[in-house]
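The chain below stands alone, shown as structure tokens; this is the form predicted alone.
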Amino acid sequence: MKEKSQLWKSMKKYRWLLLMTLPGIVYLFINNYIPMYGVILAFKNYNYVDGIWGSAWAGLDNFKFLFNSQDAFIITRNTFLYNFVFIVLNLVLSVFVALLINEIKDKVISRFYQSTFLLPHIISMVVVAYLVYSFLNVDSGLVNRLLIKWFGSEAISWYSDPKYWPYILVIVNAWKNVGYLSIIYFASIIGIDKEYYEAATIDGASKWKQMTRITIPLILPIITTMTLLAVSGILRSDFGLFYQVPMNTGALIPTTNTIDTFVYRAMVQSGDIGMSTAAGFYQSVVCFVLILVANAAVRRINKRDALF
């Protein structure tokens, strides 16, 4: 009873702040929670005439399509491994870039770099796909015309050889997302009390020691939070990255095919909504379990850094 009274007092005290969050809560409820009833489609043989509730039950038949496919292992492996590399590489690079930006004392130059690094994140993946094509085109691409020719090698047919694409996709993903993540970490860095650095300078600590002993430990909570959020979507891939950037080239499918692109291609061929819903439900369940496991691991190390 006492706890309820304190909760009510806190809500009354911060009522205007809570009111400001109301639009966001309403949007979250409409956009994220109401559509969840559509998960029922994963267990139904949906047809447009009978609708969601009138369609016949299919049990687990929609899941069999995904797991009985010859490509089930490949698409799951690709989705998981690509995202794992993205999480690790983007974390290291974005923290490194944030530390470099923090060392720029001129505010104008610092803001210029922040805007420059953020620009790739807001570019459509369709545009990115054609930018990549302008570099990798066999006849007119800059890589073949300048770099490969300069080294005296023959032109490489990038869009017909899948062995290069794990590296290309990782580079494109890092180029597009590292800047955005670095701004988040930079915002955390500038919130650190300057007295820590002043005391460290007096004690003779180098810039490297200030970074490793002050900056990184103090932004570790936000690093942990961002990593946990990334882990929660480890079985969800950037559709544009894996479909648009390789130009949906058939020769590259074994390397670029993920769960999302596999479901899309299957939808185009069969138009089976139940199957695509089952795949999305499978991704959500696995991601939910993974974030619980990751959060439990963080909680065992340091409870304050855990999400819940």
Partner chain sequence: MTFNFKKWIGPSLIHIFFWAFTIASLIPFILVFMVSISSEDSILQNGYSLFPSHISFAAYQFLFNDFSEIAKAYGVTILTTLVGTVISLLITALFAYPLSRPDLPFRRTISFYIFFTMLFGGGMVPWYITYVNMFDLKNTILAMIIPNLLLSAFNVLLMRSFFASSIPESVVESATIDGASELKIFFSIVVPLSLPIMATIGLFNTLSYWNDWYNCMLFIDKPELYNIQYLMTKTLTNIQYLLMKSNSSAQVGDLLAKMPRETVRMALAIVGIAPLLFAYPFFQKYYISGITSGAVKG
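Positions refer to the first chain, counted from 1. Being a predicted model, the structure only gives us computed values, none of them experimental.
Omitted here: the form predicted together with the partner chain. The next part is about that form.
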- Counting only non-hydrogen atoms, the one stretch of 212-220, 80-88, 161-169, 93-101 within 4.5 angstroms of the partner chain in the predicted bound form is 93-101
- Looking in the predicted bound form, any heavy atom of Leu252 within 4.5 Å of the partner chain? no
- Is Leu119 close enough to touch the partner chain in the predicted bound form, meaning at least one heavy atom pair within 4.5 Å? yes
- Contact between Thr277 and the partner chain in the predicted bound form at 4.5 Å, heavy atoms? yes
- So in the predicted bound form, does any heavy atom of Val285 sit within 4.5 Å of the partner chain? yes
- Message: Suppose contact means any heavy atom within 4.5 Å; which members of 117-133 contact the partner chain in the predicted bound form?
- Response: Phe117, Leu118, Leu119, Pro120, His121, Ile122, Ile123, Ser124, Met125, Val126, Val127, Ala129, Tyr130, Leu131, Tyr133
- Note on the structure: in the predicted bound form the CA atoms of Asn31 and Tyr264, compared with here and shifted by at least 3 Å, lie closer
- Knowing the Cα distance between Leu229 and Leu19 changes 3 Å or more in the predicted bound form, does it shrink or grow relative to here? farther
